[in-house]
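Considered here are two forms of the same protein chain, supplied as structure tokens in two stand-alone entries, structure 1 and structure 2.
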Structure 1
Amino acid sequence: MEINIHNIGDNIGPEKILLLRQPRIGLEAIVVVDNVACGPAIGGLRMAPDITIEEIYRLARAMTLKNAAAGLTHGGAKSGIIADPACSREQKEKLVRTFARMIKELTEYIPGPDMGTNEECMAWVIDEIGRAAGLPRVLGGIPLDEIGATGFGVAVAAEVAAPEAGFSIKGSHFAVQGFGAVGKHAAKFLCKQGAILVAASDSQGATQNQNGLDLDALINHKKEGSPVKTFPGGQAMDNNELVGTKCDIWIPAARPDVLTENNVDQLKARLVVHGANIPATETAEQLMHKRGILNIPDFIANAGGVICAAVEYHGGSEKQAMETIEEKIRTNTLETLQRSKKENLLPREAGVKMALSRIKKAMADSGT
């Protein structure tokens, strides 16, 4: 594990950075607890072979902002196991259970599912340490991937932002980068509002059809284990071509930093709604703003998952979770856009200002 913690941190956090290692089973993991002024931190546990401390810190900070912006009584954290998520189920269970035992005493951190992990992984975590969010339904959880909590919130943010970008959702064209748990459900909810999916991608490639992709057929195609690029209802293309798709809404729902100064000029969309965490670099967001492309940041648009997890953690129902997601994301997207316009700020700057005001008040109230 490459260790480089220079230039990480400010007066908000992080409070703790943990590097975990268990050589016997090949576990290497990172935990960053960023800030707990608003309450114990909720943040996903991801699994990927190329995780870095810097990435986990940035994701933890995004969770701090996301939870504060959503008005949750939780701080922000993130963790990552450095491993291939496609490893055997037996190996994944060993890694996740060992990780859970190693964070048992870190009671200010509540893990949830993230990229490379799921509800079953959280069942293993809660079995080991008695705390987790995003549990399977049989354990009293609200399966956020099954109901599409994060994707639903992304669709709500898009609906709110579309008029500000100069169009309505009905009849608009959109593209999804990362046709997985978040991207698929965002597409479902947007199509229900009359939007048209014209391009989508997964890790193996992309497909497009300006007349519209058949969403149900594409979902079934993926369920059969086939990559998006082989979908017969579209024209295959490389992943890097998806950025230049002609559309109204472009939804990054995959890995961090997919939009950079090197490709953002290819965007032909009027609105970018972040389904993934930190999918655009700071420079890319500035360039989008200069070009008049409205950009709804991750911690505002994709908070549906953690809102759902918080409702579950406090004993709420699925119905309450979906109602809370809609109310909070609708309100926060509107406030972010109003602040951005009134104070001549980038949407991210406006959202950060809103979230930080809540965090700093919590820190002052708690004496931290």
Structure 2
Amino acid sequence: MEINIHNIGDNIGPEKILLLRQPRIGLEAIVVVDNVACGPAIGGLRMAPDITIEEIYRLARAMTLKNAAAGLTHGGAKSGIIADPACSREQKEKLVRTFARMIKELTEYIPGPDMGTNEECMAWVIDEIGRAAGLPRVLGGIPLDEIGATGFGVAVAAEVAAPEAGFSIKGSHFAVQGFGAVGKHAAKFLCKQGAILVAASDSQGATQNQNGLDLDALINHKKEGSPVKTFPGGQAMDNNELVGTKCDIWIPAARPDVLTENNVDQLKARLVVHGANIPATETAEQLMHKRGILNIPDFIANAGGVICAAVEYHGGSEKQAMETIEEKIRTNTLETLQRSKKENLLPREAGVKMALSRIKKAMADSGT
């Protein structure tokens, strides 16, 4: 692995970059602790064969900003085991347990589940070192994807931002790209507020119905293993057509960089709420801003999952987690929008400024 740590970091972090190797069992892993001024860092442990230090650093920084923006008493970190996540369960357990033992003394880092790891992996981690977030329910965990913690936060952000974009949630039309854990639950909570789902997609295609898709029926259709494009209550369309759906709110909840300078002119929505991480390129966000399409950035809108993990870590209940998500995402969305307007900044720039001011204050107060 080529390492050039001079390309990484600034006056915020990272504080630690660890390369871990245990040749006997074939463990290679990276940990980046970016900033812990606000408290011990919470950040996912991912497993993938192509992880790099730069990637882990960028993700750790995103966690620093997300946790600070959410007002959590936690800093940001991320880690990755360089391995195939489809390896045998036995090998995965060996790798995760060895990784956990090797970070036992790194008490400023609390791992959580991420791509390629899950709640069971966190059960192994807590068994080894006594700290982890995103645990199975039997160990006091709050199953955040099952309860829709992130999707709930996305719906709250949409509700707060809608009047700013010139409409109210009740009766508004919305489209969801990626009908998975985040997208499906965002749709559920928005429909509860009286919004109408008019289009949805998954990796195999999309479906639309301007009169409204029957959400429960669509969820059942997906549960049976069928792709959204075969949903009988809608008209099938290609994935790339979803961007041009006539609607008020467009929710990316699938992959990074799906809105680019090549397709953003097709958007008809007035509000884009980022369920996925970095779903729009920088240029696409600037172009949307110019056209008056309001964007609520990922680290503000999709913080429900990490807020839920933090509540769990501090011994809170599922009810407290949902209340905390609502309160924090409501306040932060409002503050981001106010700052953006007052200082004539993109909402993302305003959100970063808000998070950085909290981090810098914490650094000054703690003398770090």
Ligand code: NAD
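Treat the numbers as computed from the prediction; the structure is a model and nothing was measured. Rigid core: the largest C-alpha set superposing within 1.5 Å between the two forms. Numbering for residues begins at 1 and runs along the sequence of structure 1.
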Do you think the form predicted on its own is shown as structure 1, or as structure 2?
1
Using the core for the fit, does the CA position of residue 295 change by 2 Å or more between structures 1 and 2?
no
Determine, after fitting the two forms on their core, whether residue 84 shows a C-alpha shift of 2 Å or more between structures 1 and 2.
yes
Rigid core superposed, CA of residue 349 - does it shift 2 Å or more between structures 1 and 2?
no
Keeping the rigid core fixed, what distance in angstrom separates the two C-alpha positions of residue 29 between structures 1 and 2?
6.7
